[in-house]
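Quick setup: one chain, the form predicted on its own, written in structure tokens, and binding and motion questions come after.
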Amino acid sequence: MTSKPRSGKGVDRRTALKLAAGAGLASAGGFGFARPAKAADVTLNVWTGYPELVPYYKAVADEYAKTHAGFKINLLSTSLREHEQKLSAAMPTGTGPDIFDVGANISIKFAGANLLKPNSAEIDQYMKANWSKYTIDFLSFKGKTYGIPLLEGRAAMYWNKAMFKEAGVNGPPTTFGELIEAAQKIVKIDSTGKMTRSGISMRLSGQGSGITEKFRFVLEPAGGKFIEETKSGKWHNGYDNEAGRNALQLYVDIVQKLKVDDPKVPHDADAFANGTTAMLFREAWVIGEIQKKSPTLDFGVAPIPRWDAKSPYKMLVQPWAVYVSGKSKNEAASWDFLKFLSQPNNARLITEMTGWGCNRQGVDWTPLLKKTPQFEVFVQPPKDVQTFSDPVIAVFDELESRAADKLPGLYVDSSLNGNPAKVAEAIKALAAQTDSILKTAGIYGTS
């Protein structure tokens, strides 16, 4: 899961407490676990790679401390990449935090090195009673669960209602064909040939795995997969096929043939909030950005379109968990706090305060949806939406990052414009790189 931009995402303490009060923090006084509280007179060190979670952790800790005198947390927040590096250095030496959040691609490395303990029978039962099997399976390693689910990244399509109305387009597109048709009606080019408003903002540049992640927003609806698992537990690329070629062709066409997006125009959440693009594929946190930067923007959020009318809707879902270090000296207190942190009201609070989704069962989303209905597709997606997620293998970030080094160049490569043979050649080369990395990792196979 790629993080949102860091600038300007902080929420001050007053705002945090106001949000907490409005959303209704789970009451520590009413938190009735059978065993006595064990976190009193304890200070827990908590590390996060998401600075926007800091006000949330503080608000929940303040509530928990009301019934656990002497309880405190020390928070360390850094960028996601720095967070992962600090954890990787500190965990083996026992100098890391008591509690930390991190992606499954990192946590399985810690589990494999015995730096994380499998969940106790009590925590395992707690997870299985309150989260979907999908989430449980995602956070399992060799048949055992690790950590407690904290949040989820879910991708959907933002659309500007005013621009659609101006162009005479009724409602959000439901297929990629409709999306292209709408984008062509909405895009604006000035007299010099310069694009002043894009029809859709695709991820055309940048660094890191996020470029490939956004490519998968198109690849999966087209019927492909970045990598596929075999019956024997091995992996191979899943896009050296018609779906992969179609997905790359769509990007090339959007930039070069149809000219509804351009690498030179503003992109991503800022572009959508500022009204310089009509559509964007992104996670729920963009809602908070819009509320802050452009509170009067008239927009909707819908599933990312189907490839065609016969295809399913596909949504990337990325569970993210919080863990107790296997070397923590405050293990019991840490787990007690995490169980409080993950109560239904606190689970809703994380979406309201940060925009990140949550898959905790038993959450009453009514207050949030009444206030901000655009969250609905994220917290209560339509039943005909099929989800997919990141494979939990240690090399997945490398696979995406290496593909991301090449994709932006392909999108603007003029030799691919109107040349299906060159598109097929480019996909084959990219897929060969993916398989090569899998072979080096010893997990490549086709059967």
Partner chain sequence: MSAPMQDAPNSIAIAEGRQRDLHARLRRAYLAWVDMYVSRGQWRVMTFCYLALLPVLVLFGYVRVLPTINAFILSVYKWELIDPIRPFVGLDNYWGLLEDENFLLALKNTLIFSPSVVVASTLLSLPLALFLARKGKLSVVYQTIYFLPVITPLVPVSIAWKWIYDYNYGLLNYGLSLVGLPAVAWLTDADIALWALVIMSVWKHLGQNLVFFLVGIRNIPSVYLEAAMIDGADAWQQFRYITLPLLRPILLFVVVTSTINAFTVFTQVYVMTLGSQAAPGQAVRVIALDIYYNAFQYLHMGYASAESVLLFIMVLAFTIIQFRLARSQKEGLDG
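Since the structure is predicted, the reported quantities are computational estimates derived from the model, not experimental observations. Positions refer to the first chain, counted from 1.
Below, we refer to the form predicted in complex with the partner chain, which is not included among the displayed structures.
Of the heavy atoms in Ala113, some are within 4.5 Å of the partner chain in the predicted complex. Although the partner is absent here, Asp41 sits far enough away that none of its heavy atoms falls within 4.5 Å of the partner chain in the predicted complex. Remark: Ser88 counts among the residues lining the partner chain in the predicted complex, judged by a heavy atom distance of 4.5 Å or less. With a 4.5 Å cutoff on heavy atoms, Arg216 does not count as touching the partner chain in the predicted complex; it lies far away. This chain appears without its partner; in the predicted complex, the one residue of Arg81, Lys128, Lys293, Lys72 with a heavy atom within 4.5 Å of the partner chain is Arg81. Of the residues given (Gln184, Gln361, Ser205, Thr95), Ser205 alone sits with a heavy atom within 4.5 Å of the partner chain in the predicted complex. Considering the partner chain in the predicted complex, the lone stretch of 317-325, 175-183, 197-205, 156-164 in range is 197-205 [heavy atom distance within 4.5 Å]. Counting a residue when any of its non-hydrogen atoms is within 4.5 Å of the partner chain in the predicted complex, there are no hits in 312-347.
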